[in-house]
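Here you'll find one protein chain in two forms, each presented separately as structure tokens under the names structure 1 and structure 2.
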Structure 1
């Protein structure tokens, strides 16, 4: 059914008032300034002070924000740099609702909503003391969209036409068209860069510039040192406009072996681990010095079916897949999977059954979705009626000479997906389908097979951004990451409508229908959402973990003054 796009409501023209939150940050800023002015080094009592040691598997590749991709980089980058405005805890992406000021103290929408003026806080300073200027915003957009830099965020900035400088403290972001997410485009995707340090370099030199390993930002933490392979340290910026970070120092150490990383925590040498193996949870839970915090990152896993015959795209002849080309087969296979039991078996209480091609936190109305029920009898009946019968008694159904058999690619690095794939294999055998598991190294072996569409089915997983614009890439008919070759004009139209309407309730309705369409079309079986735990030393007090980035409020984490240990008494040290 075609979707009629109605004229959308103009987004709220926002001039933020001083909210309680803002007032709190102003008070904190005042306190920080007082600390800085008094020349006081570390405040070892009270709210500020202390050191947190993070142990993580991988070392960052670069701290140059446009090329910082993974969590290992983003945790540092988001602490050292600022955006113009920060997304709210609800992860709302329509207009500027929920966004809070960062480098921009206020913003004004143009009457036609095709531009936004961002007024920079005149007191904002780079960590080297230079003032933050509108030119920095203009340069940032240039760097993020440069052909020489090739930032991953570039695809998210496609709707921004340009950035101009109205005066030294006002940057104007110009858009190609009005969209509900245009404010997010201008803020969420870019950390502001110092033009006074980078603009003199040719773009081709940016990736190799020392800045990538010694960044200068505006965040409440400043970069201190990076000893390659050993540690990376940031320290509180005691003169920061928004108040100094409560912790004196955050230090990342790198241990690629998860068992050794856990021992480091249990031995008291580290304070934080982003994700722990399920089998280590009881040991950590029983440790008197550690505690677990629930963390629900944005992500979901699925069993993806290739709806086109293998390699048919490469051969220029898109033919339906001999097994998955038939919707009835896909539905039957979905009905044969008792997902609740499988998730319990694989993840115990650390998993939830997947609902749709998005994690729950980004699905506007989960209660409206109707899942495909588990029903073995119905699954068998549906396969029978589709003509798939076991005529030779070998336990595998056939239809027109084609066996109901397929290869399932599994990323070998994911224990969860490995375990689930075995359960799927066993469950589908019950209805006469033969599944051959093919574990592959994710990045190097699985990726190329998917890109070439050279597969039958795969154990997939995506981690979308707030706003779900990435769904165009992963599930829309012409999406690059739509490895399943799922083609549904109805789904595409509903998703486009949901992403382009300014009316929140209408958008919610479109999303519900789009997700239901994807559930009914069964391009994949939505399997699970993983619940993870971060591990913390008990003396560390944290701000709420944001689903898209646990580190988002790192500057508000602190150490309980009553439980401080030796490393908490070092202060911000010589790195200042």
Structure 2
């Protein structure tokens, strides 16, 4: 599940990570293509019809919204389901300014701001024809916070006390306390679920219910079919109260890796790829049928350490990890990584070094943070002083019978993380640490290992939502996505103070101290932020790419009527 942030926009502080000549080469290829297409593209005029094929290397695990976490799932879920209100293009998270109605046509705050009445649009219907009712909102909160469902989003819902039904079209959300972002808590973190289809099931049955593979929502697209391992299809809901999606259908087709995805795109078998590898940009630039669009997603990648011994948390007796339980070891390993060189090697001009557990645009004061420096001599000295020595001359340090060795889980669907993991392996060998890479094929293999805390370290990446309250989900001591088992009362207290004060200056100060605490505690090494390009067939017209979710306006994408190809002429019926 994505995390959340952005109290105020801060200027990006770009870190030079590439030679000027190489940067000019890559960006010129992209910019040339962008210029070539931007000058001649027609303006979206609202025509409907057409098919867009998205190719990706990861298949969803489920379309049950409380358990949808990755982009591969959220792109479908956000197209098929609706929230009560949707965040606006500026991604403002304080109060309700900037939010626009979705299933709720209006809302009313209580005088003490401890409850909000949401009035549902009486015209709203589920895709099976049933009306949307306040009971659906109440059930949604129940499902997202159920211990049996274990939604990662429930970390974001801790300030909601309950949801009640005033009448069939009025749901009341009750809060425990006033906070600047309580409206976002009630809207952004939950897609509304159909209680008439799910409430009769025990919560323990929801995860494996057929609904997770055949969902019924209220969005401008409705689910059509899912052929496991092959493709997934959604089609325009022609009776939707907000108007049908402009495209007739969107098809996700699944391949084994990024290389296969690029081949499929260049062959004309797909129309959209979310991210292109830097080395493939010139090839795309030379294709007459494709174009690039600049995309600045909220996201960051890191090397995450499991601070607890593997599986000991699940067994009810958490013990320190034999390697990462020692702060001196974590700090020494961080000092042994030349992150600037690594990011330059892996991402060229399309990346910059990560600062903290959030992308720069969401950090209130980047200039105040002190990073751990790259210093190999200091790294070796710190390991020596911590008692980790290579006593048998095999190149690997030991301490009290424990080798300085660990397994690193890497999602094989991410070329960036695969490349960086190899660089990390080589760098840490220089200080006497043995890293065994364990590539895993997509989220279906990685997710269970993380949730069971059955790992030493992993190449992590988060795509934050707007609003820093998502830190509670991923880095707070009790966060459901805190796979590293990072426990810091000081960090928790600073984060809580930052999220609850209405004084912007005090919030900024609390955040700076919270981020510095996380940097100094080294639960992870913050590696990179990416600038990416999405690749599209030239006939596809897109709506603005929102930083937190490129797919947020997918229902407003369209196909140029003058450039349609055979698959655009199928109609709204399910494609064969």
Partner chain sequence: MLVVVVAASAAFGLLHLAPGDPVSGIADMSNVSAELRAQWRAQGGYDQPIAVQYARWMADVARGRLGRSTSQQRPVIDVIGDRLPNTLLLMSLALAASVLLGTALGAWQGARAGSRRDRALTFASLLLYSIPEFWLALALLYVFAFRAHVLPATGMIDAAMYDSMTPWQQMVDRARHLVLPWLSLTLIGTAIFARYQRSTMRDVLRESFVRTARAKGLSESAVRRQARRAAILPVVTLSGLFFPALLTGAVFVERVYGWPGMGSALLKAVGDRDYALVSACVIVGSAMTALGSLLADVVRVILDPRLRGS
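Since the model is a prediction, treat every value here as computed from it, not as a measurement. If you superpose the two forms and keep the largest set of C-alpha atoms that fall within 1.5 Å, you have the rigid core. Numbering follows the first chain given and starts at 1.
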| query | finding |
| --- | --- |
| Selected structure - the one that is the form predicted alone | 2 |
| Rigid-body rotation between structure 1 and structure 2 - hinge position, chosen from 493, 190, 175, 530 | 530 |
| Rotational displacement of the minor rigid part between structure 1 and structure 2 [degrees] | 30 |
| Core-aligned Cα shift of residue 479 between structure 1 and structure 2, given in Å | 8.3 |
| Inter-form CA displacement between structure 1 and structure 2 at residue 463 - rigid core frame, Å | 3.7 |
